[in-house]
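Just the one chain here, the form predicted alone, laid out as C-alpha cells.
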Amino acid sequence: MTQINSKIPQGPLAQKWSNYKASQKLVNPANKRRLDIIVVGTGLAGASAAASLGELGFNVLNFCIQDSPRRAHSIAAQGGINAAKNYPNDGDSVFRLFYDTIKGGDYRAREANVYRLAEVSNSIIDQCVAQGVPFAREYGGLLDNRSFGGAQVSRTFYAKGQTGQQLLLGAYSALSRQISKGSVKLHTRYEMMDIVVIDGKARGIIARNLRTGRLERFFGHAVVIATGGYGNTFFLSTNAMGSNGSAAMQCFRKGAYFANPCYAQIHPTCIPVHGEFQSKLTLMSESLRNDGRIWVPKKKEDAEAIRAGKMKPNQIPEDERDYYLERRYPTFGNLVPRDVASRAAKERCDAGYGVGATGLAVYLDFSEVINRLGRDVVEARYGNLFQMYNKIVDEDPYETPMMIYPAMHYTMGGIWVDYECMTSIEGLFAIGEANFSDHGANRLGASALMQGLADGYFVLPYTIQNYLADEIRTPRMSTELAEFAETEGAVQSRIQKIMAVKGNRSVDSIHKQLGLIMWDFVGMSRTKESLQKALDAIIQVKHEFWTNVFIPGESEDLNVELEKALRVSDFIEIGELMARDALHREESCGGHFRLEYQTGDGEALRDDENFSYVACWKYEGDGKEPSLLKEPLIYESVHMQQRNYK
C-alpha cells in the first residue's frame, strides 16, 4: 500500500518550523533568475505567493480567469483576519490560536501545519500594515480587534466589513510592483486546463485564452495552484459565480490526491434564498455575531403569524424570544463555531420556529446594542454590511432584525499537500483554500484570509526553494515536447466532446439540478441513505450532462457557456467524490454531520479510534472508483476530546 509522507519535521511542535527553515535547501540569487514558477490564481494566496516569489528573484508566470487580479473572490471576505498579537491583553497566545483552530476543526487537522499557521499569523499583520492596509484602530491608535466564533479572546483584525478587499489590494500592490519590475508576468483571462507532467514532475500547464478560445502551452520548473475552493458544486453558495474546482480536479486526474472532499462549511449568517432564479447567495459577516443576537419566537403560533405576514418581529416581546444559541451554549453564546451555529438554526427551523416567507430563516437582532451604545457606534462598526443588507432585502436592519439562514460557504477539503505545501506530484504545490491543510473538519471564522496570506507570504517562499534547489541544473524545456502536445491534445478532445453533444439543456439548468441534489442529500446533515441517493442521482446528472447539454457558439472563440460547461463537468465529479467521502466517514465531525452519529444533545460525535486520519482519494481512471489512502493524524500537544462550547 502506498505510504503517505507528510514530511513533518522532527522535534518539539513549537520548534518544527524554525528547525525546518534552519536546515532547508536554498537557491542563490543568480540561480533564482534561471528558474520559472507558474502560479495559478491571484487571490490572497496566489497574489501574495507570486509577489513574494518575484521579490525573491524567481521568474513568475501568474494566471487568473478574471480581467484583473482585484476581481479574485478573496475580495468578498468581510469580517477579518486572525492573529495572536494579544493587543487587547485578554490572554491570547500562539498556542491558544493553535488550540482554538485544532478544536474548531474538531481534531481533524494536521497538528504541525496548524501550529505553523498560528506562529506566522503575527507576521501577516505586520506585513499588511507596512503595505498600508487600513485596519480599524482604537482611539489610542493601536489596531483594533473583535471577536469571532470558536474563541474567547478578541484576535480578529478588520477593516470595517471589507477586510478581504483591503488585504487583496495590499497583495495586489505588491504583485503590481513585481509586474512592473518584470519578475512577474501576468496573464489575465486565462484558465488552466491541465498540468503537464514530465518524468513524474509538474513542468507546465495548458491554459485556454478565454478571449480567443485558443489553447496555449507554458513551461515552469514548478507549478503552484491557488485557485480557491469547490463550494459552487452546490450551485447556490456565497462564492463568486466564477469560483470553481476545475484546477483541483485536473490535478486529481493527473495523480494528485484529493483530501477530505466531504469537509464543506455551511455559513450560518447568510441572506436566505429568496427566489427560484437566484444565481448566488450573499454572506453577512460573522463579525455581526459580536453584537447581533440570534433568536426565533418561543411560540410556534408567533412564528406562523410572522410567516403569514400577520405579525412583525418587533411585536414579539423580549420574554417570548428564544435566544437559542445563548440558551444552548452559555459560555460562547452567539459566537459558537460556524458548524454549531448552522445546525442549531436548522434545528429550530425544522422544528417549526423559522421565520420569513419560507420559514427557513432566523433573526439577527441589533436592537440591544443600538439601545446600549447608540446607532452611530453600530454604524461605524458594520455600516457597509447594513447598507448591503438593506439594498438586497429592502429592509432597514437598524429598525427590523436581519433574517439569516445557513448557506454553502467554504471547503476545508482540497488537494492533499505535505508540510511543504507540495502535492503527491513532485513540483506541484497547492496553497490557500485549494489545499486541505489547515482547518480540519470546520474552519473558524477569519482564518481563511490568515491561511491564504500565511501560505503565500511566509510558507511557500521557503518550502518551494527546498524543491527548486535540486532543479537549478534543469534547463527550460521546450513546449514542443511530446508531453505538452499530448496534454494539449487531451484537453482539445475534452472540449470537442462537450461541444459535440448538441443537446437541449443549458449548462445552468444541469448545474442547478446538481446543486439541489448536493444541498438535499450532502448538505448540513447526511445519512447513509441520503448519500447513496446522492451518488445514484449524480450518476444520472452526469449522463444527462454528457448526452443533453447544449453549448452555443464555437470553441475557438470567446465562449462563456463553454467555460461554464467545463467547470460544471468537474463539479459533477467533485460532487460524486464528496458524497463518496461522506459515505465512507462513519462519524460526525465539524461540518460533516451524519445523523446516525450524534451525542444525546445533538452534537457531532467523532470516532477517533477508526477515523482519525486524512482521507486521501486517488484517481484510478475514468469511470472507475477512486482508491482511498489514509494519513494518520497524531496529536502530541493536544488531547482529543468531545468539543464543548456550552
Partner chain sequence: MEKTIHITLKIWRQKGPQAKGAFETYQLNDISIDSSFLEMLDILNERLISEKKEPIVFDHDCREGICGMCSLYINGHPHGPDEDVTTCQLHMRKFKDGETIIVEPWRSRGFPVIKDLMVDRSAFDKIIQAGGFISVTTGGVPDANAIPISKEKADEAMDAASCIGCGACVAACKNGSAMLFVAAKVSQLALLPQGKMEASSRAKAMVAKMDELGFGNCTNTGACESECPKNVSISHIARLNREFLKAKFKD
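Numbering follows the first chain given and starts at 1. In this text the structure is predicted, and so the values were computed from the model without any measurement.
Keep in mind the form predicted in complex with its partner chain is missing from the figure; the text below concerns it.
- Listed stretches are 400-408, 384-392, 258-266, 290-298; the contact stretch with its partner chain in the predicted bound form is 384-392, by a heavy atom cutoff of 4.5 Å.
- Across the proposed site, Lys85, Gly242 and Val560 without exception bring a heavy atom within 4.5 Å of its partner chain in the predicted bound form.
- Distance criterion of 4.5 Å from any heavy atom to its partner chain in the predicted bound form singles out Asn504 from the list Asn504, Gln540, Thr547, Asn89.
- The contact residue chosen from Glu138, Glu318, Asp396, Glu480 relative to its partner chain in the predicted bound form is Glu138, the criterion being a non-hydrogen atom within 4.5 angstroms.
- For Thr331, no non-hydrogen atom is located within 4.5 Å of its partner chain in the predicted bound form, even though that partner is not displayed.
- In the predicted bound form, its partner chain sits within 4.5 Å of a heavy atom of Asp508.
- The shortest heavy atom separation between Gly359 and its partner chain in the predicted bound form exceeds 4.5 Å.
- Although the partner is absent here, Tyr457 is a contact residue: one of its heavy atoms lies within 4.5 angstroms of its partner chain in the predicted bound form.
- Residues Gln66, Asp67, Ser68, Pro69, Arg70, Arg71, Ile75, Ala76, Gln78 are the members of 57-84 with a non-hydrogen atom no more than 4.5 angstroms from its partner chain in the predicted bound form.
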